[in-house]
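Quick heads-up: it's one chain on its own, the form predicted on its own, in structure tokens.
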Amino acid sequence: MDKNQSTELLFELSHSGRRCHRLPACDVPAGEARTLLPSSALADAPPPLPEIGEIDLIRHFVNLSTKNMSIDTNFYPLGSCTMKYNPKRHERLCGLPGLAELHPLQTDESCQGMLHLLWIVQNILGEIAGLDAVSLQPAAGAQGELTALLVAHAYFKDRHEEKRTRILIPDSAHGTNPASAAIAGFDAVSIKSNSRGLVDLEDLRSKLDDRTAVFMITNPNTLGLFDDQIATITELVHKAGALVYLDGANMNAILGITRPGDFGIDMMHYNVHKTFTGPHGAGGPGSGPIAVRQHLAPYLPAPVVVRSGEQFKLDYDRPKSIGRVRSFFGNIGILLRGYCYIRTLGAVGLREVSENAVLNANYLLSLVKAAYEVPYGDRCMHEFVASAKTLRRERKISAMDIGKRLLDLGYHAPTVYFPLVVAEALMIEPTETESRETLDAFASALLRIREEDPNYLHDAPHTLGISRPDEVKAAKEPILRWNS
């Protein structure tokens, strides 16, 4: 491929003497500067930075940006990660000076407005969850899981029940669930799914005992199914003296319709950047606050925002707290976007979010189920899992081939090969923000790919700068710096 301004590095575009701006002459005499700084801090020559004109610089970055897929440019049917549109109105609101220019080290007295807002967020998230207390500290869903399990650990230790060392987790769970359990010091025990894709109650009963600390469940689960056994599940777990944790990654399917606390959940996390929108991807930013029942509240991370009369403050006086899990107070920027989203929509609007997410997923499912096998039912919640198993057996077309070919057609690939309970899985989530026309076009793309030549699909994508890099090598041997 011929190099151009979007593929060359700034160092390669550099020409001596070119500038975007010119700095004024130094007003500190050279000799005096050397007396102010130790000689070890002074360089013998300027750093070898690129030298480039402004128009070339602008074109470089604008052209580079067109190589990225983003929710602003492409449909992201990314199951389990809820890649939905982030309203730009909320970006403007969060950029207001009174919010964006606060410093995290300011005193409580000097940022009462922000503390009041965060106090409201705590209460709103508690109300939506049907739970009593909230910590806004965790920086992402996985850290929310870990934080809640550390709260559970502290709770059982306080009750002298240290023998509760096991976390029970369905085999369809997100991979972060067993990882969080292990990091929190627990042993993860897998619970099988039944023929309906739900928790196998007999397997759960056989593994529940006085060693069980927590049962973690995602509901709706990663197959896009609401487990209608949830009341029985929570009753069984509570009778064993254990806690029930909800992985709240899929809350956008039940907002305003049902509350986890009402069907027996003791603690949960939100993905604010997913359920309530926010810039998402590229490793962040994220926010994963947790909500818990009252008897677990003393163990939440400190501080939390409390109200005393008309004043708000950060409360550090929490002797049973597990301590901080995040610098300062958490990812305030994402919490603010979540607040704006919730206040924009209100209670009725949040319910419509769930209803439209479920409607869109079922509509898309109806368009593709005749061409792609859907192992678990004709109906779903916010997402569904199709399978390329039959295509792989009959035509040698894999889920990976389908995902890579979609890139040629202007769509991000859905999640592939997860959940592990479905062979050749294609996990598809349209979210509530996509139009019918977008869903129709995406379904047409899937149907087209199914009929294409397998050998052509094996080499997809064909239109991008690279096709199928060695991802393992790229992860193990990354090239992170330019060498001339």
Partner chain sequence: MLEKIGVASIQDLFRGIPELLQLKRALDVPPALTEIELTQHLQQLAARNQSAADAVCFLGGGSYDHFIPAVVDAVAGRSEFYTAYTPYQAEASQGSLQAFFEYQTLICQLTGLDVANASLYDGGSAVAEAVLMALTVHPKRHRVLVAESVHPEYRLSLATYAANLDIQIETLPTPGGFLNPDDLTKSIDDKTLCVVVQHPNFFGCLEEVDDVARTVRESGALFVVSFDPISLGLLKRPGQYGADIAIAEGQCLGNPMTYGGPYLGILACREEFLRKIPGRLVGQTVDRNGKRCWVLTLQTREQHIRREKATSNICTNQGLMALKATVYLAALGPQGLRETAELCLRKAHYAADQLTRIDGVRLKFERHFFKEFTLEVDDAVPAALSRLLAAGYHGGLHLGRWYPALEKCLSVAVTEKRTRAEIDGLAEAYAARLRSR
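Because the structure is a prediction, the values reported are computed rather than measured. Numbering follows the first chain given and starts at 1. Take the two forms, superpose them, and find the largest set of C-alpha atoms that agree within 1.5 Å; that set is the rigid core.
Quick note: we don't show the form predicted together with the partner chain, though the next part is all about it.
So in the predicted bound form, are 228, 254 and 362 all sitting within 4.5 Å of the partner chain, heavy atoms only? Per the other structure, all of 228, 254 and 362 touch the partner chain.
Tell me the stretch among 201-209, 402-410, 388-396, 290-298 that has any heavy atom within 4.5 angstroms of the partner chain in the predicted bound form. This holds for exactly one stretch, 402-410.
Residue 197 near the partner chain in the predicted bound form, any heavy atom under 4.5 Å? Close contact is absent here: in the predicted bound form, residue 197 is far from the partner chain, nothing within 4.5 Å, heavy atoms only.
Verify the contact flag for residue 355: yes if a non-hydrogen atom of it lies within 4.5 Å of a non-hydrogen atom of the partner chain in the predicted bound form, no if not. Although the partner chain is absent here, residue 355 would touch it in the predicted bound form, with heavy atoms inside 4.5 Å.
Counting only non-hydrogen atoms and a 4.5 angstroms cut-off, does residue 273 reach the partner chain in the predicted bound form? The answer is yes: residue 273 has a heavy atom within 4.5 Å of the partner chain.
I'd like to check something about residue 343: if you look in the predicted bound form, is any of its heavy atoms closer than or equal to 4.5 Å to a heavy atom of the partner chain? Although the partner chain is absent here, residue 343 would touch it in the predicted bound form, with heavy atoms inside 4.5 Å.
Can you pick out, from 122, 218, 193, 143, the residue that has a heavy atom within 4.5 Å of the partner chain in the predicted bound form? Checking each option against the partner chain in the predicted bound form, the one that comes within 4.5 Å is 143.
Out of 177-203, which residues reach within 4.5 Å of the partner chain in the predicted bound form, heavy atoms considered? Counting only heavy atoms within 4.5 Å of the partner chain in the predicted bound form, the contacting residues of 177-203 are 178, 179, 180, 182, 183, 184, 185, 188.
Does the distance between the two CA positions of residue 57 reach 2 Å or more between the shown form and the other one, the core being superposed? Yes, its C-alpha moves 2 Å or more.
Compare the position of the CA of residue 40 between the shown form and the other one after a rigid core fit and state whether the shift reaches 2 Å. Yes: residue 40 shifts by at least 2 Å between the shown form and the other one.
Rigid-core frame, C-alpha of residue 462, shift of 2 angstroms or more between the shown form and the other one: Shift at residue 462: below 2 Å after core fit.
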